Ligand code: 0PR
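What follows is one chain in structure tokens, specifically the form predicted alone.
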Amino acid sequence: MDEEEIEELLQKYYRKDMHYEDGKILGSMYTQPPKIALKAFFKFYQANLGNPGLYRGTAEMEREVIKFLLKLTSGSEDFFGHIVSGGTEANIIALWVAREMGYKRVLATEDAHFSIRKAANLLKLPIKRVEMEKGRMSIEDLKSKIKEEDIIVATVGTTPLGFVDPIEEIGKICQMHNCFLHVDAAFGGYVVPFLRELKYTNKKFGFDIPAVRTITIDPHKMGMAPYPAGGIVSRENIFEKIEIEAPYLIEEKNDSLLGTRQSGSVAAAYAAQLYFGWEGYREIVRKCMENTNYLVKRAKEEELEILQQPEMNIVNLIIKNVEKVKMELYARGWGISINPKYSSLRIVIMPHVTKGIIDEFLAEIKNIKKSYGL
């Protein structure tokens, strides 16, 4: 096939996809990145930090991105980190390292990301559920179940509800029992620091809590970088624990889960942080929370029930026959997700979700409810 034929075929498949610029993807923790980030991605598409000796410039950029992630997580510039493919890889690495250090069991809530269960399964680590209280880890249940040599996984921005576990209290318990505390802030890591500055919360979640050892935090979520750009940061060089000899590489070793690391993502994440800066990210969070509050207000006006008051830019609307409503919305061009156990529609208010889109969505819900007598 020639290039024109290939382009026509690609366009056919492209039209079948949903696109963030249309505004109707409401269930995703991703959004449309700035053009400069995409330009950076393709400029460095050949880079592979699985063999960093060949890509010194990209390795330096990775360090600059890690410094920004450490600023978000209250860490020192002397701490360590990697840009990885996403929160799943970061969580697997954290639990892998903890296992190599002698920790033997995982404690996490039902609302911890599915990658925690995946990691425990891959690593042959037993996993025990900690009960929740109002959508967050129960301190009392944790106290009753925790043992020495446990790996505790706390979440900043749970996927179903966007809630923050009580990490300061969890940290104190972990110190008492000599446990490994991993914080999954894949989504909330780029949100909570600015919620603090905007006076929405005073919660801590990062390395200013002494027990916190590792943190997952993803630039490709609220960091506005294109996929794949996850991140893991640590107080110590945990990557030495999983390092393996690879004599054919320039530096003769590999210290990540993946051999090949798509590192155009590093350049894209760096470009995004240069483009927005600290103040720009704060403004993104401010606008998202403004639109979150607008959705809550408008939903109440339409006599829709909110599951719980949002802690960040994730809203759950309680709906009867939620599976049927989801499929009807999908048929009408809306990308929505649900929480079956809460019987709720889950809406993530990312930068592409405007007040106009919210009004359009609520009108659609009203029509569906009327059509099905819900």
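Each residue number is its position in the shown sequence, starting from 1. Please read all numbers here as calculations on a predicted model, not as lab measurements.
This next part talks about the form predicted together with this ligand, which is not shown.
- Shown without its partner, this chain lists Tyr55, Phe44, Phe68, Tyr30 as candidates; in the predicted complex, only Tyr30 has a non-hydrogen atom within 4.5 angstroms of this ligand.
- Of the candidates Lys204, His113, Arg136, Arg99, His113 is the one whose heavy atoms come within 4.5 Å of this ligand in the predicted complex; the others do not.
- Heavy atoms within 4.5 Å of this ligand in the predicted complex belong, among the stretches 293 to 301, 173 to 181, 79 to 87, 265 to 273, to residues of 79 to 87.
- At a distance threshold of 4.5 angstroms between non-hydrogen atoms, Lys326 is out of contact with this ligand in the predicted complex.
- For Asp165, no non-hydrogen atom is located within 4.5 Å of this ligand in the predicted complex, even though that partner is not displayed.
- Contact check for Arg261: every heavy atom lies farther than 4.5 Å from this ligand in the predicted complex.
- This ligand in the predicted complex is not approached by Gly223, whose heavy atoms all lie more than 4.5 angstroms from it.
- With contact defined as any non-hydrogen atom lying within 4.5 angstroms of this ligand in the predicted complex, Arg346 is the only contacting residue in 314 to 350.
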